[in-house]
Structure formats: structure tokens, C-alpha cells
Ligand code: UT7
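Form predicted alone, single chain, as C-alpha cells, below.
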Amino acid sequence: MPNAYISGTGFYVPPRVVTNDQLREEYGIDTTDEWIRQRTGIEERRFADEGNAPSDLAVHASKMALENAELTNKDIDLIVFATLSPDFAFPGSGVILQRKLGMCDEGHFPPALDVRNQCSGFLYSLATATSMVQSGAMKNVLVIGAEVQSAALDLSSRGRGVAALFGDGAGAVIVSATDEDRGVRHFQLGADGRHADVLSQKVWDTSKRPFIPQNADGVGQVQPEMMWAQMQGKLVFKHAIERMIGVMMQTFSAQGLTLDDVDLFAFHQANLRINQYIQKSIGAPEEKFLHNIQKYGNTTAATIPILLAEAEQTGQLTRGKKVCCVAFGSGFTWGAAIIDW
């Protein structure tokens, strides 16, 4: 059975920087830079300009990953696209990315699937790609996490509890087959649907007829509590800490590892305070933890692949290092993976 390793990484963030002060000054949100930093660690985030979809950001990240892996479009056997902010309700963003990468023009039509596991989406996608490669069914899988969340944020004082958290961006990895002793060693996934409503965005409800309410002229109208993301922050914080520590320790146990065996921790970037709390609770050295939420905010499915790509670009992540990736998100869903780089 071949091993599945990450042969290339890539990332892209839009050029437009939106600081905490700009949320107040440009959007009129009743907040302050100090309030946001103290609670989340976020200093700024990136917003894509109108006309840019997650697939557009994913094109840039995918091309970088392909170049770093020294592969071409025709080497890709499968596309796995993780996002909570897809281009459309349907079709999935994976097939749109296939087209935008030029694969169709080259006569190359690999299968494409979307993963809708929000902040855990990248790890669910990585697990899918790893399984495909280890089974021998695929040799190279393009895995993307990409989000354009700024289009669906309530950028007003009413929505400040959520709006300040999120940003746009894309990260990509190529999962490839190898006979070398390296790659994704173990992954662990979990979910608890009892808390599905705690962090959700129910912009449409297919149990209703019609699924979006209409006025007398047949124009769809969505109430604010349906249109915008809703979150019970304190409950999410509590469960995030419990589940992330739990799934990480399960993964360590399965591999017979200790904290000392891990060179880098790439945690989902939802809240810097969550990750700092976990770091201190488990007694791991601060310098082993990768952080970029300060400059990008929570890019949901893109946080971990962006972290990995940046760390490789700066030389923090090099061949032979052992990486622990952990995520928690809406659903609730969570996951962890151990990777020998």
C-alpha cells in the first residue's frame, strides 16, 4: 500500500486588507480594535472584491501547489474542494475550479467533489484524499479549502459578533502516492449533530414551501436571522477546546506519540485565544504553534492549508518534520491528522 504525502502546497489571499478600525470607520460597526484583539487575536483580515468567488481564489492557490509539486493539470486524478461559501447553491465549486484551471480545455476531466464540513472541511478532505491514494485508486489529489465569506457577513453593528471574525482566502495541497516512509500517518474525525443549530447559517430552508419566503410579487425575502450566520460563542468556545484536545490525544494515542514528538502544531485559526488556551493546557511550547489569524481572520476551510503553505514558504516546515493538524467547527465537526512532512 502506498503512503500518501503532501507533495506541494499553495495559498492565496485577496489583496484588500480590512483592519479592525476599518470595520468601524468604513462599515459603521460599533466595535473597537482593542475589543476584537482581546477576544480573538484578530488584527485584520482580507476581503475579496465583488466578482471574485471561492473558485477564483482557489485557482491561484492550486496553481502554486501544482508548481511546488512539479505537477501539471493532467497529473491530477481527483479534485476535493472544501468550502462553506460555495460559488453557487449548485453545482459544486470543484467542477467550476476544474474549468477555471483549464483542465477541460486540455481534455482532462478528473472527478471533482465538494466537502461541506466548514472549519473541519480541510481535514475531512485530506482524509478523503489520503484514503484514495493509499487505496491505490488515485496517484495525485488536489485538495482545496477556499472561502469568500465577506459576501455573506452582516457588516453592521447587529452582526458584529460574527462579522469581525471571518476573512477570505484559499489554501491548497497536493496529496500524492509515494513508496517513501513519509506522509499522512493517521487521521481521526468526529461529529456531534446535537449542536447543529449552535453555529449555522440557514439562508434557505428546503423544508419550507417555497424554500425562500416570497412577497406578493414573487420576490424572495429572507429574514436577518436566516440570512446571516448565527453563533452561540461561549458554547462554541467550550466545545472547541474539549473536542480539539480530545481528538488530538486520540490521534497521539493511535500513533504512540507524545507532545515532544511533534515539531509543529497547525490548528484551525478560529480564535487565537482558543489555540493559546489549548497550548497552555497541554503544556506544549508556544514556538511550536503556527498562527496567522492575526492577519487573515478565520478563513474557515482555508486556515490549515494556508498555515502549511506559509510555513513551508518561510522555512518553518521542512522535510522530516512531524506536524499535527487539528480543527473544530460547525456541526459540530472536528478532526486531527499527523503528517510526516
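As the structure is a prediction and not an experimental result, all values here were calculated from the model. So that there is no doubt, residue numbering starts at 1 and follows the sequence shown.
The discussion below concerns the form predicted in complex with oxa(dethia)-CoA (UT7), not included here.
Enquirer: For oxa(dethia)-CoA (UT7), considered in the predicted bound form: do all three of S131, Q134 and W341 come within 4.5 Å of it, counting heavy atoms only?
Expert: Judged in the predicted bound form, none of S131, Q134 and W341 sits within 4.5 Å of oxa(dethia)-CoA (UT7).
Enquirer: If the cut-off is 4.5 angstroms on heavy atoms, which of these, L199, V115, L101, A127, is the one near oxa(dethia)-CoA (UT7) in the predicted bound form?
Expert: So the residue touching oxa(dethia)-CoA (UT7) in the predicted bound form, by this definition, is L199.
Enquirer: Of these, D30, E70, E286, D49, which has a heavy atom no more than 4.5 Å from oxa(dethia)-CoA (UT7) in the predicted bound form?
Expert: Going through each option in turn, the one that passes is D30.
Enquirer: In the predicted bound form, which of 62-70, 270-278, 49-57, 309-317 comes within 4.5 Å of oxa(dethia)-CoA (UT7) (heavy atoms)?
Expert: Residues of 270-278 come within 4.5 Å of the partner.
Enquirer: Does oxa(dethia)-CoA (UT7) get within 4.5 angstroms of any non-hydrogen atom of R209 in the predicted bound form?
Expert: Close contact is absent here: in the predicted bound form, R209 is far from oxa(dethia)-CoA (UT7), nothing within 4.5 Å, heavy atoms only.
Enquirer: Is G220 part of the interface with oxa(dethia)-CoA (UT7) in the predicted bound form - any heavy atom within 4.5 Å?
Expert: G220: no contact with oxa(dethia)-CoA (UT7) in the predicted bound form.
Enquirer: My question is simply whether L123 lines the interface with oxa(dethia)-CoA (UT7) in the predicted bound form - judged by any non-hydrogen atom within 4.5 Å.
Expert: L123 lies outside the contact set for oxa(dethia)-CoA (UT7).
Enquirer: Verify the contact flag for M231: yes if a non-hydrogen atom of it lies within 4.5 Å of a non-hydrogen atom of oxa(dethia)-CoA (UT7) in the predicted bound form, no if not.
Expert: Result yes; M231 sits at the interface with oxa(dethia)-CoA (UT7) in the predicted bound form.
Enquirer: Out of 111-134, which residues reach within 4.5 Å of oxa(dethia)-CoA (UT7) in the predicted bound form, heavy atoms considered?
Expert: Just C119.
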